[in-house]
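Presented below, as structure tokens, is a lone chain in the form predicted alone.
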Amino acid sequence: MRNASPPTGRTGRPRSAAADAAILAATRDALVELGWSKLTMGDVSTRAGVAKTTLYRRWAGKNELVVDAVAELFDSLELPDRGSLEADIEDVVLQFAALLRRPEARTALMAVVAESTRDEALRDRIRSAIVDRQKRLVVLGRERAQARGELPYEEDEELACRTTDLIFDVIAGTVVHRALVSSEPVDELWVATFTALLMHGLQGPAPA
């Protein structure tokens, strides 16, 4: 009797990065035009030129899709090494402000935040896909500043994590409020003033 050959696994069609990018871009465009309440998976599939089943193989529903569309924008933020912590902060804040001036970023971010007030699962996805991923910039900035001698090293890992969270909340919260809530400009003068306050606190720099 001939031994049966072992079954071969089916891996399916590999996921296309180009299709993903087209879908996320179409999601942002549709959100700007239609708003959260009118946006459907069908709208996105039509704009992206893919079958609706393709969307559902990648995302469970609209919430997950829109959060990932926002997250892709924020993943473009970088922290170039400008030689000092103060200059690094100014650079990334100006990048963030420029991103928030884009209609698709403003609309998408405000939509998911508003919807998340009624949806705990959506809040969790925002935290994991956007907030936690962008804390990488704070971690990198602090590591560089510590290597330069601008900041002390922290031996307590839990304290270091809490500090990272606080820095992220202060920077992201202030810039989002300024740009999207107050609708005030986040220009170079404002960024320099904000960064100086962040660096030196309310008492200002120590006298020379």
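Numbering starts at 1 and runs along the sequence shown. Note that the coordinates shown come from a computational prediction; the quantities given were computed from them, not determined experimentally.
Not pictured, yet referred to below: the form predicted in complex with another copy of the chain.
If you check another copy of the chain in the predicted complex, you find a heavy atom from every one of Met110, Thr117 and His200 within 4.5 Å. Of the candidates Val139, Leu34, Leu151, Met41, Leu34 is the one whose heavy atoms come within 4.5 Å of another copy of the chain in the predicted complex; the others do not. Contact with another copy of the chain in the predicted complex, judged by any heavy atom within 4.5 Å, is made by just one of Leu65, Val50, Ala26, Ala172: Ala172. For Thr193, a non-hydrogen atom is located within 4.5 Å of another copy of the chain in the predicted complex, even though that partner is not displayed. Using a 4.5 Å cutoff between non-hydrogen atoms, Tyr56 does not count as a contact of another copy of the chain in the predicted complex.
Put simply, Ala17 is far from another copy of the chain in the predicted complex: not one heavy atom of it is within 4.5 Å. Contact annotation for Arg127: at least one heavy atom lies within 4.5 Å of another copy of the chain in the predicted complex. Comment: 159-167 is the region of 159-167, 42-50, 140-148, 65-73 lying near another copy of the chain in the predicted complex, near meaning a non-hydrogen atom within 4.5 Å.
Of all the residues from 122-137, those having a non-hydrogen atom no more than 4.5 Å from another copy of the chain in the predicted complex are Arg123, Arg127, Val131. CA of Ser37 to CA of Pro103: closer by 3 Å or more in the predicted complex than in the shown form. Pairwise change in the predicted complex: Asp119 and Val32 C-alpha atoms lie farther apart than in the shown form, at least 3 Å.
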